[in-house]
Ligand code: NAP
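The chain below stands alone and is given as C-alpha cells, in the form predicted alone.
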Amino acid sequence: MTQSLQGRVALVTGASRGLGYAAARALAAQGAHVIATARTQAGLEELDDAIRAEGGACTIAPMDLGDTQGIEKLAEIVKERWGRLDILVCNAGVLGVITPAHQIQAKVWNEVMGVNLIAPARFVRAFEGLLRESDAGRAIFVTSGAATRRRAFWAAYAASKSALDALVQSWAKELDDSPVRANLLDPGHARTKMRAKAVPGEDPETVPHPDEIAPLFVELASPSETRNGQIVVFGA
C-alpha cells in the first residue's frame, strides 16, 4: 500500500498522549518520520515503541514549551539533521481553570497564553524557514470551538484559542505566495484528559476517540492539500 507521507519529516507537539499521540502515530503510519515532543518522557517512549512496532520511524525530544530556548534549539537540530521540515503539528495545549474571569490568577494567564499562543508563535518564528525548504510545507494548529463560543467561565482558554486563530490566519496570508500552507484543526469534543477535566461528569464513550480524529491531521499534512488559513472542523 502506498504511504501518502513517505519520506516526509513531521514535528508533533504534545505527542505523549491524546490527540498528539494519535496524530503522531497516524503520520508515521503514512510514512513520515515523526519528531515527537512533550514534557512527559515516559509517554514519548511509549509512542516511540508503538510507532516502531508498526514499522514507522520516530525521534523523541522531551521538552517543556516554557523553556526560553527549547523551541529554537530544536529548530537548529532539525535544520542540521534534515535541512527542512515538511509537517508541523502544534497540538500541545492547556486548559487552565474554568472559573470567573475576575478570579483567574496571573500565573494561570501566563501558563495558558504561554502554551496555547506564545509557544505556537515561537514555532512559527523558528520553523518557517525550514517549512519553506520543503516542497510542500504544512503547518497544523489545534484550535477549539471555545474560541468563538466564548462561554462564561472559559475566559482564559477561549482567549488563548481566539488569539491562536488570529495568529495562524494572519500568518497564512503571508504564505500565499509560497508552497507552505497553514491551517487550524478543531477536533470538537474529543476523548482526552483535557476534556475530562473540563467536563468531569461526561461519559467519555459518548465522544470521539483521538484515533477517529487522527486521519484529519494526515489529510491536512498532505502535499496535495490546498487549503490555507482555514479552520477545519472534525465531522463538519
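Start at 1 and count along the sequence shown; that's the residue number. These numbers were taken from a predicted model, which means no experiment stands behind them.
As for the form predicted in complex with the named molecule, it is not shown, yet the points below apply to it.
**Student:** Here the chain is shown alone; which of V142, I71, A156, L130 has a heavy atom within 4.5 Å of the named molecule in the predicted bound form?
**Tutor:** Residue within 4.5 Å of the partner: V142.
**Student:** Counting any non-hydrogen atom inside 4.5 Å, which residue from A50, A29, A172, M63 sits next to the named molecule in the predicted bound form?
**Tutor:** Of the listed residues, the single hit is M63.
**Student:** Picking from 74-82, 87-95, 101-109, 132-140, which part of the chain touches the named molecule in the predicted bound form when contact means heavy atoms within 4.5 Å?
**Tutor:** Partner-contacting stretch among the options: 87-95.
**Student:** H209: heavy atom within 4.5 Å of the named molecule in the predicted bound form?
**Tutor:** H209: no contact with the named molecule in the predicted bound form.
**Student:** Residue-level contact is defined here as any heavy atom of the residue lying within 4.5 Å of the named molecule in the predicted bound form; does S178 satisfy this criterion?
**Tutor:** So S178 does not count as contacting the named molecule.
**Student:** In the predicted bound form, does V34 come within 4.5 Å of the named molecule, counting heavy atoms only?
**Tutor:** V34: no contact with the named molecule in the predicted bound form.
**Student:** So, in the predicted bound form, is A10 in contact with the named molecule at a 4.5 angstroms heavy atom limit?
**Tutor:** Contact with the named molecule, no.
**Student:** For the stretch 24-56, I need every residue with any heavy atom inside 4.5 Å of the named molecule in the predicted bound form, listed N to C.
**Tutor:** Stretch hits, in order: A38, R39, T40.
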